[in-house]
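Only one chain is shown below, in structure tokens, and it's the form predicted on its own.
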């Protein structure tokens, strides 16, 4: 544990979790090569994603922010005064500031896989909001979390904040398991405030993941840089290309890295053959109708309290409570 300010502490749980090297090798030697989206989020990847959220084509962030701005008083009433807010995948923490500005939140617990990014944002928040205890946790929240018992005191009202449609990165069964894990962390009456991207015209979705500035392509390719640095791989980024498309049958945007020639890549002592045009499937982003998501959440142990959308129904924000 690292502690730097009186109202801030950082707990590093990442080393206690799974071996990322073994996980990467297993995924890249499968019949259909893939990597978990978490490998996209080193420090530079997190910076690139923040740039993506500000692109003209990328509607989710600004739309979710507009929903929050319009409905903030009602959202805060559901969260409750003096409560604890736990944010999974906190990133630059822009959205949480809207909640922290209210002065009603007692403690903020951001959880992120990028240690340097988490430390920087946590420190800034602890300075900007000295009355709020900031406890940052470095962890892969897609694995089992072991949050300190004092943070999960049943006597405190808690709300998990999971904005940005990240729930769409999970396969349907994984999404159910993830929501069930959140429900198990919380106590009866606690809540989940979650952003969910809505099904819409394929053209809008295609443009959002294939921006004209190429930032999403850089973000996707940075995954290979991350593996080169952290796992001793030797990917040549010039031999791979970004490819994203909407799979209407499955209701998801798929993001891939395409090998532009036959090649062998080494990771540690492992050699991995790539055929020409073979892909690494790096991310899914499932889109849900409002009724589809409500059914998913209900099956995971939540009761819907309120749903907010924008006028064009591009995006949805839900407050759910634990049974």
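Numbering follows the first chain given and starts at 1. Keep in mind it's a predicted model, so treat the numbers as computed, not measured.
Beyond what is shown, the protein has a form predicted in complex with a small molecule; the following relates to that form.
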Item to check | Proximity to the small molecule in the predicted complex, single hit among 267, 280, 68, 52 (heavy atom within 4.5 Å) | outcome: 52
Item to check | Contacting member of 169, 114, 121, 222, with respect to the small molecule in the predicted complex [4.5 Å, heavy atom] | outcome: 169
Checklist entry - Would the small molecule be touched by all three of 58, 255 and 285 in the predicted complex, meaning a heavy atom each within 4.5 Å? => result yes
Next on the checklist: Just to confirm the contact call: exactly one of 151-159, 72-80, 132-140, 208-216 touches the small molecule in the predicted complex at a 4.5 Å heavy atom cutoff, so which is it?
Outcome noted: 208-216
Next on the checklist: Although the partner isn't part of this model, could you tell me whether residue 41 comes within 4.5 Å of the small molecule in the predicted complex, counting any heavy atom of the residue?
Outcome noted: yes
Item to check | Contact label in the predicted complex: residue 126 to the small molecule, heavy atom within 4.5 Å | outcome: no
Checklist entry - So in the predicted complex, does any heavy atom of residue 84 sit within 4.5 Å of the small molecule? => result no
